[in-house]
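This document starts with one chain, in the form predicted on its own, laid out as structure tokens.
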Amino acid sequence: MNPGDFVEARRRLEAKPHSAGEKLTTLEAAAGRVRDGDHVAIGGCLFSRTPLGLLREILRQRRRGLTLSRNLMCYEGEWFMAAGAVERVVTSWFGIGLPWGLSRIMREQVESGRVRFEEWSHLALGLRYRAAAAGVPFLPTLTMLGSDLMAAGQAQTMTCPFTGETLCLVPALFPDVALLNVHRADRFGNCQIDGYPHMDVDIAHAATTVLVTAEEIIGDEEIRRHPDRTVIPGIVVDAVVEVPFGSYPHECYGRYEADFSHFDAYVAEITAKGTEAIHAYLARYVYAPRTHQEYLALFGEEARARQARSARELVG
């Protein structure tokens, strides 16, 4: 990032309206705030609290030329690649998780030149969001020093004025849009997250537009009763939608566990058919369902109830 980019991004963030009014809307209207060419930061981590409801709707609206960034990118990145919606991906990992290996689709897309892949360490990417949230152009760190990642991205080095040691400087990352899925929110967009918040708080403060799906909309009096539970204030949120099972078949801590059997079947299809399997998956799970309820019906009520029981066992 050059100084001009930082100044412009900082001015854009400072000029953002910080409304305390109601933010409730629909999935369609919220996703409609994403424009072609936007940099979209995805909250959660891997298959934890992925805002799949919003991501599916963005694909349904046929956005193009996007940049996606996420600390650990799960298979939602494959969807956007196969759909021709993304030009660049910024992350530290791309795949469902170690049992399923790195993304084959990502490798095909990047090696063919259709998508640019920008890799940072997990810590470095988090510090990039945090720098933007703090309104500073960079943050110093020791991560990535001595690795090939130093030559692959925009990181710079400097000599520490206190110790004389070499530091890595990671530039601030200002997304156009943040997509988050949280446990609870009120009509004003005040958000509560149970368990580890991942990088969601910094992403929300770094992005110009913040779109949130909540597993449950609760009364604002409940928010006021427990102010310490609000990790993302409503004044930075632009739209909030009530979407139960908004991350399914990914997990939402304490509400429902991830459906690992679904992941197994998904990867098996890709292994057998490659990108063709992604197109078939998109046709069934993204484009065909007209509503989120129709989407959930594809998995069945019994499966969702089973995963909800599993999640409660983990926290009970």
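Sequential numbering from 1, following the sequence displayed. C-alpha atoms forming the largest set that superposes within 1.5 Å between two forms make up the rigid core. Just so you know, these numbers come straight off a predicted model, no measurement behind them.
In what follows, reference is made to the form predicted in complex with another copy of the chain, a form of this protein that is not presented.
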message: Please identify the residue among 90, 85, 105, 139 with any heavy atom within 4.5 Å of another copy of the chain in the predicted complex.
response: 139
message: Is residue 169 part of the interface with another copy of the chain in the predicted complex - any heavy atom within 4.5 Å?
response: yes
message: Can you tell me whether residue 281 touches another copy of the chain? I mean in the predicted complex, with a 4.5 angstroms heavy atom cut-off.
response: no
query: Even though another copy of the chain is not shown here, does residue 253 get within 4.5 Å of it in the predicted complex, heavy atoms only?
result: yes
- request: May I ask you to check whether residue 158 falls inside a 4.5 Å heavy atom distance of another copy of the chain in the predicted complex?
  value: yes
field: Contacts with another copy of the chain in the predicted complex - residues in 274-288 whose heavy atoms fall within 4.5 Å
entry: none
- prompt: When you overlay the rigid core, is the Cα of residue 302 off by 2 Å or more between the shown form and the other one?
  reply: no
- prompt: Under a superposition restricted to the rigid core, does residue 165 display a Cα displacement of 2 angstroms or more between the shown form and the other one?
  reply: yes
